[in-house]
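Take a look at this one chain, the form predicted on its own, written out in structure tokens.
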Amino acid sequence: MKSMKFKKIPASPRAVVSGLAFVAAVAIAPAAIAQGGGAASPAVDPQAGKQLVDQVCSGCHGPGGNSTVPNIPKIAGQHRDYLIKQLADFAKPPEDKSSRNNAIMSGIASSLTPADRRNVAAWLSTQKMSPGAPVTDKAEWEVGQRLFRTGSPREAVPACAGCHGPNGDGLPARYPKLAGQNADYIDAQLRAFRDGTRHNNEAMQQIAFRLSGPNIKALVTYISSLPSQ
């Protein structure tokens, strides 16, 4: 089947309301989601961040943060505060319930200073993510689109669009950009949230717990095809 291109479409009010209502129900504290903040933002040096990305990150995540390895995420264009939070979570000790565990990333993140994390995130957030994957299964894509935009009330699954935006662009500081992300990486993270091996976001754990294997597959097909900005 030929690759398909899709235009951005406006948010569904029902999708947004249902997603936000779920997040409110699980009472996620903003401090557990966003990193940094305060009255004055520390100074950042994006060029110092670029040097670190070139030296440390590009071997796995690709030049400029656009990984071509299916199970390694693209980090180009990701929201700055989200990147800072993930690096901070990787650097936490394994016994910390809010940590994110990955032997390679934990070692790297632990070697970075808070200033390093800010610099890396500042530079990566200005890069452009490479295009998403072509659609090869239209029926599965349509199932994923429905789940993403309206959720599944029967299974108590809220719309992904409620937090990640109708086009997968996310919300800075809180929810990551998903559009165009590598399919295998999305699949692995949803399953990790579902089985509890990734536990640095309570809302995603509760949502993923309600997702069936076929629904995860459909969401992956849809999300990975969305055009990134």
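Predicted, not measured: the structure shown is a model, and the values here were computed from it. Residue numbers here begin at 1 and follow the sequence given.
There is another form of the same protein, the form predicted in complex with heme C (HEC); it is not shown, and what comes next is about it.
Residue contact check: G77 to heme C (HEC) in the predicted complex, 4.5 Å heavy atom = No.
Next on the checklist: Considering non-hydrogen atoms and a 4.5 Å limit, does heme C (HEC) approach I186 in the predicted complex?
Outcome noted: Yes - in the predicted complex, heavy atoms of I186 and heme C (HEC) come within 4.5 Å of each other.
message: With the partner left out here, check for me: in the predicted complex, does some heavy atom of Q86 sit within 4.5 Å of heme C (HEC)?
response: Yes, Q86 sits close enough to heme C (HEC) in the predicted complex that at least one of its heavy atoms falls within 4.5 Å.
* To do: Answer with yes or no whether A139 is in contact with heme C (HEC) in the predicted complex, where contact means some heavy atom within 4.5 Å.
  => Looking in the predicted complex, residue contacts with heme C (HEC) do not include A139, since no heavy atom lies within 4.5 Å.
For the stretch 136-174, return the residues whose heavy atoms include at least one within 4.5 Å of heme C (HEC) in the predicted complex, in the order they occur. If the 4.5 Å heavy-atom criterion is applied to heme C (HEC) in the predicted complex, 136-174 yields V157, P158, A159, C160, C163, H164, R174.
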